[in-house]
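For reference, the chain that follows is the form predicted alone, supplied as structure tokens.
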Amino acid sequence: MGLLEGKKALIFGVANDKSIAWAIAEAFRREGASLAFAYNGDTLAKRVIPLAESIGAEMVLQCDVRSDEEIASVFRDVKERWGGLDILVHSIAFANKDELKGSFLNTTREGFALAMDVSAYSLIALAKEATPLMEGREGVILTLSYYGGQKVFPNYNVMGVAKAALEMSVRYLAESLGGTGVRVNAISAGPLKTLAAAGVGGFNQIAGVVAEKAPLRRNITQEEVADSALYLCSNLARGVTGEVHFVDSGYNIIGL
């Protein structure tokens, strides 16, 4: 019997087969979970729908997380099909490319608002709709962060501020939802070659430094993040909430 046997998991944030969210989906399916995916836009549809079909997903839903109406529609569909929800995975982040290079001082008001809305507020918006479906099910909400939300990384800029807001939102949501039995956690993953990482200037240099300086002297894999997600979303972590769990070969403990 798998660790997630009988569980219903809704995953936001698959972009392609290199996505952390996709590795998480594969791990969840392996351990018995039923899956649903949410994506935004025709470009992603062409990638996500075939992947979802290949893994036997029961639902593939369109959702722009900037729209409360589209979010509500997704969760109505989930309620109608499944009756409830056990796991929500939020692996969503976005900032304009121009905001991810040069000086943070050049951050625009519009760029700041967009990055915060998509990368941080969306977790709150999704949690608001997911929580009623998790009643009596000891539900789990999991999001993905990065160390740039705690320390300064070149060119990460407004995304670092958004990740900081995301991590603090995890703590406040954990406190708000604890009485309902819903747990909320984050994974702070080390640098991985994903579609999102491609937009960050100097990514290869950052990955090189981590591989050289991290205690394990290497970068991580998507599968290692997925295994930690499996733990945090299973009954093994039933006493864990409000945490930011690092999967970064130990890089976050290094001072110099």
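Position 1 is the first residue in the sequence shown; the rest follow in order. This structure is a prediction, so every number in the text was calculated from the model and none was measured.
This next part talks about the form predicted in complex with a small molecule, which is not shown.
A.B. asks: Within 4.5 Å of the small molecule in the model of the complex, counting heavy atoms only, one of 227 to 235, 51 to 59, 184 to 192, 209 to 217 shows up; tell me which.
C.D. replies: Partner-contacting stretch among the options: 184 to 192.
A.B. asks: So in the model of the complex, does residue 19 come within 4.5 Å of the small molecule, heavy atom to heavy atom?
C.D. replies: Residue 19: contacts the small molecule in the model of the complex.
A.B. asks: Taking any heavy atom pair closer than or equal to 4.5 Å as contact, tell me whether residue 91 reaches the small molecule in the model of the complex.
C.D. replies: Although the small molecule is absent here, residue 91 would touch it in the model of the complex, with heavy atoms inside 4.5 Å.
A.B. asks: Residue-level contact is defined here as any heavy atom of the residue lying within 4.5 Å of the small molecule in the model of the complex; does residue 40 satisfy this criterion?
C.D. replies: Yes.
A.B. asks: Using a 4.5 Å heavy atom cut-off, state whether residue 223 contacts the small molecule in the model of the complex.
C.D. replies: No - in the model of the complex, heavy atoms of residue 223 and the small molecule never come within 4.5 Å of each other.
A.B. asks: So in the model of the complex, are 44, 118 and 156 all sitting within 4.5 Å of the small molecule, heavy atoms only?
C.D. replies: Yes, all three are in contact.
A.B. asks: Which pick from 169, 131, 145, 107 sits with a heavy atom within 4.5 Å of the small molecule in the model of the complex?
C.D. replies: In short, 145.
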